[in-house]
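Next up: just one chain, as structure tokens, the form predicted alone.
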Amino acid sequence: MPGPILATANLSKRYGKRLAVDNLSLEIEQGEIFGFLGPNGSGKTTTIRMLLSLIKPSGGEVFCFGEPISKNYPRYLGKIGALVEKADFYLNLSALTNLKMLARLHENVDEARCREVLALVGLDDRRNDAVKTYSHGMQQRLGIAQAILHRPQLLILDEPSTGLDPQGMHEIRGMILGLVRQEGMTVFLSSHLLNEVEQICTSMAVLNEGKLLVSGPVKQFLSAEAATLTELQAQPPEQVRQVLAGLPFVTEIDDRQGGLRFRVAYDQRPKVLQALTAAGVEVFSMHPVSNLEDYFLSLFGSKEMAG
């Protein structure tokens, strides 16, 4: 069985007295969409810069395709693509012209490939328009196009949805899934958006203050709290809350748009329904909730990553 496509071993980065990344060890298998999560300032971008050899680690090592990148940097670089924060382009030139200029840096990348990647990111119909006429979301998609121009096996994306509206975020997520299917890439996705990771990632790691908190398959974390968190839609809301507050086995009642969330043991849920019905409450739905927001609130105790 082949080893991980990307790995870190005790990777660290120190700036003076501050340890930005602290003995980070990760493994990303081929074909994964790996979510790299953490609050802003947790060390995610610093880690990515070390993965790309943009900065040198203070300790530890990065391995790509089983080889330490410190000894095989040029060979490693040709197999990856990356978008760190935002891409820069010649704004007065068209998207196609920008990509054709970048294609000169790579072997076996012609105009047909430039057209192909523009189609993959949904920009082929705007290929001859100046980049300055592009929206922020379109420029992000063009940034991903340039990152995959040379057919990399590994794609590293640093917060690709930053600054996008919900529609733009949806398009970026769909595009990442399409790249995995059509190009066979492995994706390392840094994000602080829980919803983004929950929808498309297969595995993930959580970083906080430079330290790895947890790592593993996304499904493992989605099921961790599913037995206790419940979402309820019922009317009238004031009476619903009063009934729930009077049940000793119901805790952490939280108002949500369109309903309430609370914690209750699985075998106590029928009693919740019985109490609501007896009070004359109209119940529309009650179901368990299993999502990363709940899991992360248990880790961080706040909603700083629930965007």
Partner chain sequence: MLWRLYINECIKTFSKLRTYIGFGALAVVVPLAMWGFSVGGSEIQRNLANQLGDDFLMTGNLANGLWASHILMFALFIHIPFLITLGAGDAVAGEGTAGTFRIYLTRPVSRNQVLTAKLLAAATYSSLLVAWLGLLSLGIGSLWLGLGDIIIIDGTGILILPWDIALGRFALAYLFAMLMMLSVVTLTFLLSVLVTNAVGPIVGTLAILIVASVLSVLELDALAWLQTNLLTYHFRVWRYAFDDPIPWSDVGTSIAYIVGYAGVFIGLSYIVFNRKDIMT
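All values derive from a computational prediction rather than experimental measurement. For clarity, a rigid core is taken as the largest C-alpha set superposing within 1.5 Å between two forms. Residue numbers count along the first chain shown, from 1.
Here the subject shifts to the form predicted together with its partner chain, a form of this protein not shown in this document.
Contact segment among 93-101, 160-168, 231-239, 173-181, judged by heavy atoms lying within 4.5 Å of its partner chain in the predicted bound form:
That would be stretch 93-101.
Since only the chain is shown here, I'm wondering whether Tyr134 would be in contact with its partner chain in the predicted bound form (any heavy atom pair within 4.5 Å).
Because no heavy atom of Tyr134 falls inside 4.5 Å of its partner chain in the predicted bound form, the answer is no.
How about Leu77 - does it come within 4.5 Å of its partner chain in the predicted bound form, if we only consider non-hydrogen atoms?
The answer is yes: Leu77 has a heavy atom within 4.5 Å of its partner chain.
Does at least one non-hydrogen atom of Ile200 fall within 4.5 angstroms of its partner chain in the predicted bound form?
Heavy-atom contact with its partner chain at 4.5 Å: absent for Ile200.
Taking its partner chain as it sits in the predicted bound form, is Ser190 in contact with it (heavy atom to heavy atom, 4.5 Å or less)?
Close contact is absent here: in the predicted bound form, Ser190 is far from its partner chain, nothing within 4.5 Å, heavy atoms only.
Taking Arg256, Leu260 and Phe284 together, does each of them reach its partner chain in the predicted bound form with some heavy atom inside 4.5 Å?
Not a single residue of the candidate spot has a heavy atom within 4.5 Å of its partner chain in the predicted bound form.
Sort through Arg126, Arg115, Lys211, Lys86 and report the residue having a heavy atom within 4.5 Å of its partner chain in the predicted bound form.
Exactly one listed residue reaches within 4.5 Å, namely Lys86.
Going by its partner chain in the predicted bound form, which residues of 46-77 come within 4.5 Å of it through any heavy atom?
In sequence order, Arg49, Leu52, Ser53, Leu54, Ile55, Lys56, Tyr73, Pro74, Leu77 come within 4.5 Å of the partner.
Has the Cα of Ala130 moved 2 Å or more between the shown form and the other one, judged after a core fit?
Yes; Ala130 is a residue whose C-alpha shifts (by 2 Å or more) between the shown form and the other one when the cores are overlaid.
Core-aligned, does Met175 move its Cα 2 Å or more between the shown form and the other one?
After core superposition, the displacement of the Met175 C-alpha between the shown form and the other one stays below 2 Å, so no.
Core fit, then Ile148 C-alpha moves 2 Å or more between the shown form and the other one:
After core superposition, the C-alpha of Ile148 moves less than 2 Å between the shown form and the other one.
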